[in-house]
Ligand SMILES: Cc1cc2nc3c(=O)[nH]c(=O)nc-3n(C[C@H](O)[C@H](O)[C@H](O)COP(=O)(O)OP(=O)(O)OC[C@H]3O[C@@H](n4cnc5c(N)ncnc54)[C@H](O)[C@@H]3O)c2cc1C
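The data below hold one chain only, encoded as structure tokens and taken in the form predicted alone.
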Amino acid sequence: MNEYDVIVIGGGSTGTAVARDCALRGLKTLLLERDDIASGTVGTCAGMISSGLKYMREPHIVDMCSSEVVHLRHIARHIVMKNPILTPLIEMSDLSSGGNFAEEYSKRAAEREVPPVMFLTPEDALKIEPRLSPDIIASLYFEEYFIDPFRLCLLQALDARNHGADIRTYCEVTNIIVGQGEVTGVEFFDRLSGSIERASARIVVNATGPWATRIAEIAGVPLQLRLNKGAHVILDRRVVNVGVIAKAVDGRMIYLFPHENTVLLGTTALDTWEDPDNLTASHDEIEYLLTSMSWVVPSVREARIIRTMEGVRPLVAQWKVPEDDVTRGYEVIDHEKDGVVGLYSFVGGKLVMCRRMAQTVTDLICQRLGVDSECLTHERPLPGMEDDVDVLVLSRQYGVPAQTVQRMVARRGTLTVRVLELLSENPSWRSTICACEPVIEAELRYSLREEFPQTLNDLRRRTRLGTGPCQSTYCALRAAPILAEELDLSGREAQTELLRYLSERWKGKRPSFRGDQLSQEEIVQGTYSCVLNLDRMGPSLESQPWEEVE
């Protein structure tokens, strides 16, 4: 049995931040994730590291969010981008609330290096974004930062590994071992090997988001969450080139944010008692978002919906108040009060707070273990942040289009050079695998060798493979043989993995089928079923994984 100081359960933004903080402080750390890094709630968010001004009723949270934006820009500037945002106003009553927002936002603008809020005339707003409705009476202009949540989680995990932590994906915790009222370790099922393993530790951190209650139940301790689900609609083009925030039909605020080559329309907020593993966006949620945004961006319905995604917010269990009034802060629950020493659980929190949440629990861990060590996660840069990168120089040096290099730099920073160096001995790896994004073969090879993906879906999170308008129609077929070669899969195993990937992507596409998207899906079905006959392998996914059923 391997021995550790700390075992972290959950590979989202908070879990990977905890593993990094613990490793940087010299604690022997194991992170266990039952799926892939960033495969849960964090992978369904818009990536906005908000200044927190939606929560002006809690000034300490606004202050925390603002300072965390500064820290994230310091340690991960290469995956952070600044986005201009317009809030069109269409009723006179909106002007007073807009004034309150402008005043509070502007107090903290200088700290984040953004301009104060500006009120724009309709004419000026339309110059910035011509697709706005001509019926607006004014608009607010401000700027917010966004981060790539997949890369943030992965880089935190990689940095933890670089400092001695063990990172184990596809390992599901089945038991938290408690002896005489104290945590002594965990038992987990390795989904790749099929083996059951144990690891010992005096501290276990439950950072599993909406699944935290399940982990607490395994340890026999109570934990309450107020689960709240939110849906996003992803459109096939940049309907707008700046962010747009607007009032929905019920008075809530929703947004339309440019995101890489697409836009994200979100989000809903519904209390839920459903299984977080099996949520899908409903027809009503999709129409709620489209109808609401069409009041200020009428052309939003002209775009094709390429998929939806739904995540669950693990809110603090405040009841009998509207969802908007529930705190967006977090709590670290020390289960010593429940009779289990050494078990900590997170409730609440947001993406922008993940580093601070990790610092809070790691301070408690160090205190319990008698370790005198200060937090360094706000000072030490994440991998790829060592220097600035000249895209045009790399493009000329390695013969790769500047656009491709730029997109790679936005994911990898200085690590882009390591990808491009592979071309010296393998010039054919310049080939484009995913044209929508774009992604070249060398990046897939590098990721498979250095970033521990196990599936095509993992590669999607590492590189954005298949996330563009065609939704993997062509690139999945090109990527599967590369995955098979790097992971030493047989041809049949590669076919099965390809089918698993397409099945996973189907979950996000099915709820929104309408119009042109139906035609797009016919192409996918025709390619993979009528031409490649992959539909004949369907039963094998549930029975004999690598044997085709006749």
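Everything numeric here is computed off the predicted structure, so don't read it as measured data. One rule holds for the numbers: they count along the sequence shown, beginning at 1.
Here the subject shifts to the form predicted together with this ligand, a form of this protein not shown in this document.
Among heavy atoms of Thr362, none comes within 4.5 Å of this ligand in the model of the complex. Using a 4.5 Å cutoff between non-hydrogen atoms, Ala23 does not count as a contact of this ligand in the model of the complex. This ligand in the model of the complex comes within 4.5 Å of a heavy atom belonging to Leu32.
By the criterion of a heavy atom within 4.5 Å, Ala484 is excluded from the residues contacting this ligand in the model of the complex. Annotated contact segment (heavy atom within 4.5 Å of this ligand in the model of the complex): 226 to 234, selected among 226 to 234, 444 to 452, 372 to 380, 290 to 298.
For the options Met48, Val62, Leu27, Leu498, the residue carrying a heavy atom within 4.5 angstroms of this ligand in the model of the complex is Met48. Comment: this ligand is not present in this chain, but in the model of the complex one of Ala201, Val400, Val240, Ile215 has a heavy atom within 4.5 Å of it, namely Ile215. Contacts to this ligand in the model of the complex (heavy atom within 4.5 Å) from stretch 142 to 177: Cys171, Glu172, Val173.
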